[in-house]
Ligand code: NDP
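The chain below stands alone and is given in structure tokens; this is the form predicted alone.
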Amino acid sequence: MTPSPLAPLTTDALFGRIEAIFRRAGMNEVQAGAMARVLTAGERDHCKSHGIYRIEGTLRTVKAGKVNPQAVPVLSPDDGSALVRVDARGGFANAAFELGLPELAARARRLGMAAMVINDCTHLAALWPEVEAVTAHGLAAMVMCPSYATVAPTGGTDPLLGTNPFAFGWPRRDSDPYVFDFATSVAARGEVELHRRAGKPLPEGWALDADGNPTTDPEAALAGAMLPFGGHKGSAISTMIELLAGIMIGDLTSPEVLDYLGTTTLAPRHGELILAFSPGAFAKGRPGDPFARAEALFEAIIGQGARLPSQRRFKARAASVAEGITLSAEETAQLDRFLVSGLDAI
């Protein structure tokens, strides 16, 4: 029986709706499935800025011809090195990541560490689903990618860096992994857009207007520049990501992405870098179990009353699994419209 518009949906049911929307819009099974999985995960974990909100941007990018909806990513042959290369063929990064993950995990276990380079991809989802997919193999992970130029470097006033997300994960044997995923800007650009839609002012210190003046107006911020988190520290980390996940892997930097797209209304096309580490291999021959030692550290943090990152997200996930995912009537109507009209809805 089809649930009523306001009835909670299971994750499988929501996945089915999103996948159907993407197939209706002309995406092949590989692309539609990968994107539906990651956006369902965002909605399931109450990460509204990376859930179904991203469907519209996905469809807009397909309609503009800036991503290949029929792409089938290609994994390069194993050359015996620690480097796994995946050519996304102009499609979304998530499909390329799913293809390369088994090989990345196998090489990291064999060699102690490995890196996956994804080239010529479009990425507009959160990074934590990818980090969690690596930690599920018992490996630690770092994931990073550039974006398009929307962030001013510390001391500057014009957009130059991307929001440049960075994520890390540590596997835990009897618990959810230790995971953090954050933009190197003060907030993800999607958060600014959500403030604009809700008619809410931004917190101070998030953005500059087009003249380089501080602003709390979301409209002015979207026309101006966001700021890096932590001042010069966030600016330096963001620059590192441009170097490692842009220049080093032979793909686009954030200013080049903006030149290619000509707008910030479409999903950015660039590359992505995923690093995987085997804690057991790195700690081999040293005293103590690295996983047990990590648990002692986590317990000490929690013992002071602090919260580990992603704990609220894992709690939300458990609630969604138990109770379902509830969408508003407006959100449900939008999904229905996308399914009926496809790219004509954009």
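The numbering used is simple: start at 1 and walk along the sequence shown. The shown structure was predicted, so the numbers you read here are calculated from the model rather than taken from an experiment.
There is also a form predicted in complex with the ligand; it is not shown, and the following applies to it.
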Tell me, yes or no, whether Q311 is in contact with the ligand in the predicted complex, where a contact means a heavy atom of each within 4.5 Å.
yes
With a 4.5 Å heavy atom cut-off, would you call R307 a contact of the ligand in the predicted complex?
yes
Indicate whether F180 is a 4.5 Å heavy atom neighbour of the ligand in the predicted complex.
yes
Please check if P228 has a heavy atom lying within 4.5 Å of any heavy atom of the ligand in the predicted complex.
no
Which single stretch, out of 218-226, 119-127, 237-245, 97-105, brings residue heavy atoms within 4.5 Å of the ligand in the predicted complex?
119-127
Residue among L266, A188, L275, L252 with a heavy atom within 4.5 Å of the ligand in the predicted complex
A188
Answer option from G169, G91, G271, P165, heavy atom within 4.5 Å of the ligand in the predicted complex
P165
When the ligand is considered in the predicted complex, the residues of 23-59 having a heavy atom within 4.5 Å of it are H50
